[in-house]
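Just the one chain here, the form predicted alone, laid out as C-alpha cells.
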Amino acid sequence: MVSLSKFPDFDYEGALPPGCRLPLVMNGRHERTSPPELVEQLRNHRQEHLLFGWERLDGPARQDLVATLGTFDWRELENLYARRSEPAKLPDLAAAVAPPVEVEEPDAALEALGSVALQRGRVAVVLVAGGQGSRLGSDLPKGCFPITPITGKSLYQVHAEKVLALGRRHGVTPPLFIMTSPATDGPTRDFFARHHHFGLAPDQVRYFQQGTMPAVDLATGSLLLDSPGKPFLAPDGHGGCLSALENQGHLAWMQERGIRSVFYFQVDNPLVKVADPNFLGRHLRAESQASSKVVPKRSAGEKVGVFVSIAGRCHLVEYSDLPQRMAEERLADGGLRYAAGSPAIHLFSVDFLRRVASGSGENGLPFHVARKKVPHVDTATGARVVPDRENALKFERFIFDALPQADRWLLVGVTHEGEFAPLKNGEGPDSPDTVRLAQSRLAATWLASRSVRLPLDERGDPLVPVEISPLVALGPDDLKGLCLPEPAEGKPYLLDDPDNL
C-alpha cells in the first residue's frame, strides 16, 4: 500500500516533495519526477509503466492516480497472475449428491413468521445492479431498461415498487441497498432521484459501490492503463458486494438497527418475489445462515449454476464447470439428477455475511480468473490498442462461494414461470421480448385464479400484453376483494393504479 502520510508535503502541482529530484526513467526517457516512494514501489513490482504520461497530468489527476495505486494489493495481484494457468479450484464433484430441496407451497404459519420479521424491521433488501445494458443496446445501467409489457416501467421501478408494497403491507419498509459499480453509480442515483425514488423515501434507498480490480496483461503480468493516469479497473464481481457492505459500514448499520436477514437478488429478474414472507418464514424456521431459491433445470444444457451437496455442505457449480456426464445424468423417472438450478435469489443472516466478508484465505471469497479482451494504452508508443483476441486477465468474486461456509443452509424450490425470467440478451432467449411475455403470462395466471380469463394462443400465452403493478398485487391472493375489470377484446389488460379499483 502507498502511504501518502509518508510524504505529507508532496506538491501535486509540482509533482515532487520540496527538494526532491529523483528522476523517473520510463522507456529510456527521463520524465518529470513523481513521488519517490511510489516510484520505488512500482519498480519493485515491475509496474513503473503505470506512471506513463505523468508529466501531462494536472495536480488532481496525479493525486487520483497515487490514491488508486495505493489501493492495490501487489502481492495478491502477483499471486493471482502466477496461478493464471491453474484450473479453477472446484469442489470434489466425485462426492457430490443431489441436495435436498424444500418445495415452496403456501403455508399460513410460515407466511406469518416471515411477516412478523418484516413488521419488526428485521429484514434488509440488497439489489445487485452493477451491470450496464450494453447487450441491450444501452449505455445506461441495466436497471434503467424499460421492461414491463404495457407501461414500460424500468427494472429499477419494478423492484422499488415491490419494496414499497411490502412496506405498505407490513407497516415497515425494508431498507433497499443498491450495489452499483463505478460505471452505474452516478446514473443509478440520478435515475432514482429523477423519478422521486419511485415512491420510497430517499433515506430508504442506500447506494454502495462494489470494488474494482485492475486488469493484467496476459503475457507479462503488467497492469493495463485505460488512459494515462488511469489503470484499467473492472468490477470485482457480484461477490464483491460482501466486502463492500462490510467495508462501507452497511452490515454494522444493519446490526445496530436489529436487522437480522438480508434478501439478495440481481437486477435483471423482474419476476423475483422480493423478501416474500413464505421464503423468509422457511429461512427463519430452519435457523438457516444461507437460504437459496431453486428452479428446476429445463434441459441438461441450460446455462444456470447447479446446487449440489458435498459432505453436508451446499455448493453451487457453474454450468461451465459441471461435467457433461453429471449434467446429463438421469433418474429412474427420466428427470435430471442434478436439476437444482440457481436463479441467484438468496437470504442470508447478517452475522453470517459479516463472518464471510471479514474472512481471508479459505474463509473468504476467492477470486476467479477470466481471460478477456481489454482495450488499453500502449505505454511504449502512447497508441490506443483495441485487441482482437483475449489479451488480459480480470478477477472476480462470486456470491455463491459463500454457500459452503454455511453450517445451516436451505434450498427452496420454485418455478421459472413464477419467479425467474432474467434479462440477458438483446434478442432470442432471455431477451426483452421473452421477459415481457413471461410477465404477461404470470399476470394472466393470477387473473385466471380470480376468474378473469384472457384469450390465449395455442401455447397458453395471452394474446394481449398483461401487466399488474406490484402496488396492486404481489401475488394472486392480493387480487381478492378487488373489483377487477373485464377484459376488452384485443386490448391490453393493465392493473396499475389501486385507487381506481
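Don't overthink the numbering: it's just position in the shown sequence, from 1. Keep in mind that what you see is a predicted model, and the values were worked out from it rather than measured.
A second form of this protein, the form predicted together with a small molecule, is not displayed here; the remarks below concern that form.
Please determine, with the chain shown alone, which of 123 to 131, 223 to 231, 385 to 393, 351 to 359 has non-hydrogen atoms within 4.5 Å of the small molecule in the predicted bound form.
So the stretch in question is 123 to 131.
Given that the small molecule is left out here, which of L166, A117, V267, C314 has a heavy atom within 4.5 Å of it in the predicted bound form?
By the 4.5 Å criterion, the partner-contacting residue is V267.
Looking at G237, P214, P277, P149, which is the one with a non-hydrogen atom within 4.5 Å of the small molecule in the predicted bound form?
So the residue touching the small molecule in the predicted bound form, by this definition, is G237.
Exercise: C144 in contact with the small molecule in the predicted bound form, heavy atom 4.5 Å:
Contact check for C144: no, nothing within 4.5 Å of the small molecule in the predicted bound form.
Is there a heavy atom of S342 lying 4.5 Å or less from a heavy atom of the small molecule in the predicted bound form?
Because no heavy atom of S342 falls inside 4.5 Å of the small molecule in the predicted bound form, the answer is no.
Using the partner position in the predicted bound form, report whether S291 sits within 4.5 Å of the small molecule, counting heavy atoms only.
Contact with the small molecule, no.
Given that the small molecule is not shown alongside this chain, does R206 nevertheless sit within 4.5 Å of it in the predicted bound form, heavy atom to heavy atom?
Contact check for R206: no, nothing within 4.5 Å of the small molecule in the predicted bound form.
Whether R135, M179 and Q210 all lie within 4.5 angstroms of the small molecule in the predicted bound form by heavy atom
Yes, because R135, M179 and Q210 each have a heavy atom that approaches the small molecule to within 4.5 Å in the predicted bound form.
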